[in-house]
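What follows is a single chain, given as structure tokens, in the form predicted alone.
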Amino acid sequence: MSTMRPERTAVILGGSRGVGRAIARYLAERGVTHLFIVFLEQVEAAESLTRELESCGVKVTSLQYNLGVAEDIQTMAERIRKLTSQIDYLVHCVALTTFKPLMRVRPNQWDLTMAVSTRSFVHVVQQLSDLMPRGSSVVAISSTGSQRFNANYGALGVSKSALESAVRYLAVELAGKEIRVNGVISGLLGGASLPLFPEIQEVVKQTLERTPSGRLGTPDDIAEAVYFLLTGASWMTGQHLILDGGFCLT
């Protein structure tokens, strides 16, 4: 694993809580000097993270935008351009969905899930890749629901599959600029997001029974893998690391 060079800048989409928050902390502890944290509704969480990281000497810029709206992404990109001339690391950690069977997903729910969870990734890379120098890196966070059936996960599972495909296409298209694009496929994580799932206690029980490691993942587990993809793995692009405690093996 390589060591970060001085004056590193990172943009974390969905960085105010959960996995995004863990990634922000992980990067700040390992030498990133300027973090852009993009969020929508978690104002208090973004403010507390900003105070925490700035107390450690990291410059933090919090940006409140709706990544499901193309105009917001363009405005966000314009603001970032005014504040920095270089982005070394870009992390997409944004998802929004309705937890129900795919057969019951309404058109507006489908469109919103795809816009936030998938289209925003491609749009942001389109807007910001020209600020990324050779050797920079992009990471997108997906989930095992992209590859296997999970009850009530239809819209997000399909959108995550599309996200993973976008990682592969962008990896090829940006290879000439020596920008690497990879992803992390996460298994079920403990923490604040769990109550969002229907019948979560049964889901946790069944997951643990099939997970060789015997535990759910944590946001820090994902942050560690993201750091590896951002700063190491120099010949790796268009790939996805699966972090699920061995769940997919059983």
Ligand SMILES: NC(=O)c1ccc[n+]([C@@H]2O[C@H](COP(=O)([O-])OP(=O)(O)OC[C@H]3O[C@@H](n4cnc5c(N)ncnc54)[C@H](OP(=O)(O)O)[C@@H]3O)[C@@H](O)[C@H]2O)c1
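In this text, residue numbers run from 1 along the sequence as written. Only a predicted model underlies this, so the values are computations on that prediction, with no experimental measurement involved.
If you look for the form predicted together with the named molecule, you will not find it shown, but the lines that follow are about it.
Chemist: Assess the spot marked by Gly15, Val19 and Val94: is the named molecule within 4.5 Å of a heavy atom from every one of these residues in the predicted bound form?
Modeler: The answer is yes; Gly15, Val19 and Val94 each reach the named molecule.
Chemist: Heavy atoms within 4.5 Å of the named molecule in the predicted bound form: which stretch among 141 to 149, 173 to 181, 103 to 111, 78 to 86?
Modeler: In short, 141 to 149.
Chemist: With a 4.5 Å heavy atom cut-off, would you call Leu27 a contact of the named molecule in the predicted bound form?
Modeler: Residue-level check for Leu27: no, no contact with the named molecule.
Chemist: Using 4.5 Å between non-hydrogen atoms, is Leu188 touching the named molecule in the predicted bound form?
Modeler: Yes.
Chemist: Look up in the predicted bound form whether Val124 has a non-hydrogen atom within 4.5 angstroms of the named molecule, and give yes or no.
Modeler: No, no contact at 4.5 Å.
Chemist: Leu67: heavy atom within 4.5 Å of the named molecule in the predicted bound form?
Modeler: Taking the distances in the predicted bound form, the answer for Leu67 is yes, it comes within 4.5 Å of the named molecule.
Chemist: Could you spot which one of Glu41, Glu52, Glu202, Asp220 gets a heavy atom to within 4.5 Å of the named molecule in the predicted bound form?
Modeler: Answer to the contact question: Glu41.
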